[in-house]
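Single chain ahead, by itself, as structure tokens, in the form predicted on its own.
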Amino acid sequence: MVRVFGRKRVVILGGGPGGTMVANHLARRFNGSLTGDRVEIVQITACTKHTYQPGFLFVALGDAPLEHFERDQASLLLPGIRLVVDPAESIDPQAGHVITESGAVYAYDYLIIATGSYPDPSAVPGLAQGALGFYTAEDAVRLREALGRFEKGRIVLTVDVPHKCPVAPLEMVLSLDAYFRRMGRRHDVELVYTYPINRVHSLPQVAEWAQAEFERREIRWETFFNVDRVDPEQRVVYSAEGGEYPYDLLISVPPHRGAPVVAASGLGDEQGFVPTDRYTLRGAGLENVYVVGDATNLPVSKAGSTAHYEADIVADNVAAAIAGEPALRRYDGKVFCFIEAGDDRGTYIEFSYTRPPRPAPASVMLHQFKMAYNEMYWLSARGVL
């Protein structure tokens, strides 16, 4: 239990994994002090539901209903944490407060920005009209319906950057290969995967592993394909490099942007991400403000595991600061990601700022570990794991 001198309020923006884990970790550290007159934790979010986003892959492929990956946000928070469902509209670091859509003002002693990232199909002409996705609940459901109607032809999967869950496009195309083989229609479907740089993934070790899988499964790929525009009527996607692909079904991973509240408050870079110290996770030039998960501009994967590891660091350092003690913990860039490889096989990567990933051979056992974690995620959100 952390000793507290004087009443402190911690405001957490965001109801995703990072914000929820920070809230619960802090609540556990303060234990009996979480009474409102000593320490108050306020989580501000836009939605009453909490969604496990890696589940969108399984929703799109018809392996599980969306409801399987949703919980009421209130059910994930420890007693004493105040939940406010009222989207944050602006942050004023000088005044030390947050203003929400309803006009309510929340002063803070410490602010945690965990507002995530969002796909922006409007960034590419024609993309919203011509492509389907799987990075939101609505898109995953629409893609499931489209795959249910798809009989034969060419499926093109395009990737833009930055985007969260960097291995998800690989998981999707490998899982589509397995999906159509399972349906006995793989010979009727051409799978094309494109990537904007000179390899099929930003991490060279992952790219090498994935390219071997593509060759083995006859998945066509093209690198240096930066999506420039889409013609939804002619069903053609064009690249800035002069390439083009006619398609029967286009699946895209649009570029992601930070939350509108970050941009509206003038706290983000040109893409809406908050400049953040890579070790302390403090917002650059911001007093008593920490940043977690996709909201940062750090050179690490925007992934749930990143938010998970960062949440633990931030909770410890905020608790120490409230207690008047040194905030000593540092984030080393640790990331852990499972990779679904289709055919009930999976692998994983673990890496940090200084340690490169080394994908393990895909196996049924690692796939089963991934399936088990999908069910255990809710314990992580509650700050148990």
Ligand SMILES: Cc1cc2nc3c(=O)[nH]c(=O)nc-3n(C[C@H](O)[C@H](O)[C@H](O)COP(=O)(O)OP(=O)(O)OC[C@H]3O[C@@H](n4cnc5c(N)ncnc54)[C@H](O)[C@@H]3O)c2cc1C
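Fair warning: this is a prediction, and the values are worked out from it, not measured in the lab. We number the residues from 1 along the sequence you see.
We do not show the form predicted together with the ligand, though everything after this point is about it.
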| item | value |
| --- | --- |
| Of Y135, Y108, W209, Y193, the one that lies within 4.5 Å of the ligand in the predicted bound form (heavy atoms) | Y135 |
| Partner-contacting position among L127, V274, A88, L143 - heavy atom within 4.5 Å of the ligand in the predicted bound form | A88 |
| Any non-hydrogen atom of V261 within 4.5 angstroms of the ligand in the predicted bound form | yes |
| Touches the ligand in the predicted bound form: G116 (any heavy atom, 4.5 Å) | yes |
| Distance check, G268 to the ligand in the predicted bound form, heavy atom within 4.5 Å | no |
| P54, heavy atom within 4.5 angstroms of the ligand in the predicted bound form | yes |
| Candidate stretches 44-52, 349-357, 323-331, 61-69 - the one whose heavy atoms come within 4.5 Å of the ligand in the predicted bound form | 44-52 |
| Contact set, 297-322 vs the ligand in the predicted bound form - heavy atom within 4.5 angstroms | K302, A303, G304, S305, A307 |
